[in-house]
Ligand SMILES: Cc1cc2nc3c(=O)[nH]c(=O)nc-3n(C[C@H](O)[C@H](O)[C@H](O)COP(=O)(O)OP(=O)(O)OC[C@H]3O[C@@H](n4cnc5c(N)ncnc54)[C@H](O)[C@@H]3O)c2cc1C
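In the block that follows, a single chain appears as structure tokens, in the form predicted alone.
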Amino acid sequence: MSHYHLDRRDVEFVLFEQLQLEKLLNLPKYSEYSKEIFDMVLGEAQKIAMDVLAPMNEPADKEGCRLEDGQVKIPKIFHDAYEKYKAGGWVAPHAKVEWGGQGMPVSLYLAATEFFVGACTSFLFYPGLTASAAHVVELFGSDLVKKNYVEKMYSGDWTGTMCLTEAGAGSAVGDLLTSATPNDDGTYNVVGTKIFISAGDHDMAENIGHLVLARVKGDPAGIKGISLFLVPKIWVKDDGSLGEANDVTIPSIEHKMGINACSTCVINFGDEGKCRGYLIGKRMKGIVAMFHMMNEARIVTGAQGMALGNAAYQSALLYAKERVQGTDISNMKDADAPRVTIDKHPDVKRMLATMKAYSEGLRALILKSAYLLDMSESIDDPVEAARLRGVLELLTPICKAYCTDKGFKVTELAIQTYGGYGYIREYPVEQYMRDVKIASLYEGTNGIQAMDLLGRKLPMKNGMVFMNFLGVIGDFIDANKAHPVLGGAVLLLEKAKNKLGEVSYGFAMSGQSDPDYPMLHAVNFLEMMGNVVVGHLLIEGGIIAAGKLPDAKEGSSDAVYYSNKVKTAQFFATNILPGNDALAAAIVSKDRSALEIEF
């Protein structure tokens, strides 16, 4: 029996009531879709998540992966599920129809992805990385490579990976040692070792296309000299048929804290000098091509944090409503008082409210970001499309870092809600915590995301992308200060937004003369901005819900849902947004002790 529970009602609220996804139907790109199709997609996604994926989560975690005679064996239960997942067109439903996809909005795809990731995180690495790798090949590959690989990968018949990390080149990608030598036929011989490669090998598909960062011998050191190559496990002939093994070997796999059913591999390329690959994109422009995949992966990684946090919250909520422990606080001195479920205790209510606020706020952030991508790629106005892309770039490091940090926080609170039972494997929340922790580490650690936000994203277009974004939130604040229910929350959002602006201005003034100090506080700044962004989305959702309450039948599920939505926004504004004051105080303190300690 699966322990997994999902919150389809809130997903539908964000998609259809807050983002108004049906606006996409007015654009030519999505004109063949309808609200009914959107509903059907969510229904089918829920069905496969609950019936196919969720029952695998616990047994696959226990079985894990193993290496036998150089071949990785993944949990047997995954094989049949993968065939069903492929048959449903779930590997890349957002891909273009011409390459075998369905042209689905990314926002709808990510809503479905929440269901899948929450149901069985380890499984999703195999199709998820495949779709992202195939998109890079579609964008940057030669005509021959695209013809032979893209549709095979989007269908899931072949899978794909992203191979960046080496033992001496993790976050510092430019230090990599993997090399490539050009051949007369236009291919390259690739030699090197990559580590920590998710879904790096398995026995579920007949071929795997590895996207490998390497340096062509003689090209400059550092990031500027890196190129990107597609290196198949099995060589593919020009006619598209499979040829011989391509000198890609697996010397070992990692045994990890979580995501145990995802094969995390060490991969050797060219041990015998016979590993060939295709150049993807232009030589010495590998980072440009790879960043397309990484930016997509960072939003999906944020979705991993959001999905597992939500799964943990739903599990803890159900447990708290069933677990009888102690008496009501008002009767605590009466030994004969009736016992109550723990959701009646104030401290448990605090934990549940915190989990609910983060869970719903993270969902709104991820789906809002996906919606920005959908709109930017669909509208005819190039100026507005560029503006939307700028906002998406600004939000990407927040999606990745804030959602994974807070997703982990929610799993921690879920375990705390369970008490001692949460720490044992009889219940699912300890696995959710183990499976989500990796999300703050890969695709660029969260510290790197914070430095990217502060060092690259804030200065975009001389800071105008950031300032215009704050201006949009300011317009929302001005329009809603007098709201009869959430006006006070809006004023708290204004205070937090203003603090964020003040701190960013201070960084801009001092950054060049003292670059170490802003980076010392980059993580604090990202949290401040994440709080403002999520606070804005929760309060916006709360105002929408407040407007729906008068028409909801008293006592109905809609009335309860909308009322709780309003209260969740109030809770976040009152209990979490004021934390920006403390973060700002640390930033403006000018205290350099952390930089001066001799470790």
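Only a predicted model underlies this, so the values are computations on that prediction, with no experimental measurement involved. Throughout, we count residues from 1 along the sequence that is shown.
Unshown form predicted together with the named molecule; subsequent notes refer to it.
Segments offered: 279-287, 308-316, 387-395, 162-170. Contacting the named molecule in the predicted bound form at heavy atom distances within 4.5 Å is 162-170. Taking non-hydrogen atoms only, I342 never approaches the named molecule to within 4.5 angstroms in the predicted bound form. Interface residue remark: Q102 is not counted as part of the site for the named molecule in the predicted bound form, having no heavy atom within 4.5 Å. In the predicted bound form, the named molecule lies within 4.5 Å of some heavy atom of T264. Mapping the unseen interface onto this chain, I379 falls outside it, with no heavy atom inside 4.5 Å of the named molecule in the predicted bound form. Contact with the named molecule in the predicted bound form, defined as a heavy atom within 4.5 Å, holds for exactly one of D201, E138, E443, D374, namely E443. Interface residue among I438, M528, A111, V150, judged by heavy atoms within 4.5 Å of the named molecule in the predicted bound form: I438. Contacts between stretch 246-278 and the named molecule, counted in the predicted bound form as any heavy atom lying within 4.5 Å, involve K256, I259, T264, listed in sequence order.
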